[in-house]
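Consider the single chain below, provided in structure tokens and representing the form predicted on its own.
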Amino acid sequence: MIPLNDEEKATYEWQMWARGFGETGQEKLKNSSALVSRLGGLGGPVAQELAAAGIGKLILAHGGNLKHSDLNRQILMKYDGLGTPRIDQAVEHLLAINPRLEIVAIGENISEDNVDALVEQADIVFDCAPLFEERFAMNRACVEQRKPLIDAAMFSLEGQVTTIIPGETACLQCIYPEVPTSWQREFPVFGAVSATAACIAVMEGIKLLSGMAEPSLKGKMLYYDLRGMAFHKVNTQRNPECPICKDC
């Protein structure tokens, strides 16, 4: 394990005061890697908070160019970047926060063609993709490779987060055997709502990577509605006949 240098000790001093984390937790985070799918309203804040917290390596996958409708929530992007690749803007932003960060940048979205190789590079996966095809692909690869998956989603003023541990919890396809009929590609969303889910997901990931605490959402789904500031958790159940994780 590569130890912290003096600059890192100074940078992360305040979070190392957190109970159960300390210098040991920070070193574990430095020596960890995470895959983040998409860098939009969810994945952007996830990547930013991981970079700021001192993770050692990020594998980032996001295709397409920036458009006006992205700017209300995609915090890694900037107005001057309209029409340019979002992945390039994200890398520039993250390295400005943490120049020590190692980044593997993929200018395309997750697919069955690239998912296995990308998941293989990571210790943990953050699923921030809007398309269920991408989410199911990451779920399958994580189950097969026994990698933890943090799944987050949002709609309007509502959001949800769950922590999936292959072999211990329900996988994503246990929860959603098929694409929900109510799902739609474009939907109402505020940046603050998606960032809420992102920050919760990051803390679940930091707990897993550092060992500072047991993930609170392992085998549970957190739902929230910021219209009324209501939060509640429900248990997720493994499907013994799930085609993805029944043999895990």
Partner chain sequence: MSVTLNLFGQLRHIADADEVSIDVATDSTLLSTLKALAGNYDDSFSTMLFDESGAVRPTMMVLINETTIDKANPPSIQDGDQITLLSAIAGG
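Positions refer to the first chain, counted from 1. Predicted model, so just to flag it, every value in this text is computed and none were measured.
Another form exists, predicted together with the partner chain; not displayed. Remarks below refer to it.
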Inset, instruction - State the residue from 175, 75, 165, 105 whose non-hydrogen atoms include one within 4.5 Å of the partner chain in the model of the complex. - result: 175
Inset, instruction - Counting only non-hydrogen atoms, choose the one of 127 to 135, 110 to 118, 93 to 101, 75 to 83 that falls within 4.5 Å of the partner chain in the model of the complex. - result: 127 to 135
Legend entry - Non-hydrogen atom within 4.5 angstroms of the partner chain in the model of the complex for each of 41, 160 and 225: yes
Inset, instruction - Indicate whether residue 234 is a 4.5 Å heavy atom neighbour of the partner chain in the model of the complex. - result: yes
Inset, instruction - Report yes if any heavy atom of residue 194 sits within 4.5 Å of a heavy atom of the partner chain in the model of the complex; otherwise report no. - result: yes
Legend entry - is_contact(residue 208, the partner chain) in the model of the complex, heavy atom dist at most 4.5 Å: no
Legend entry - Contact of residue 180 with the partner chain in the model of the complex (heavy atom, 4.5 Å): yes
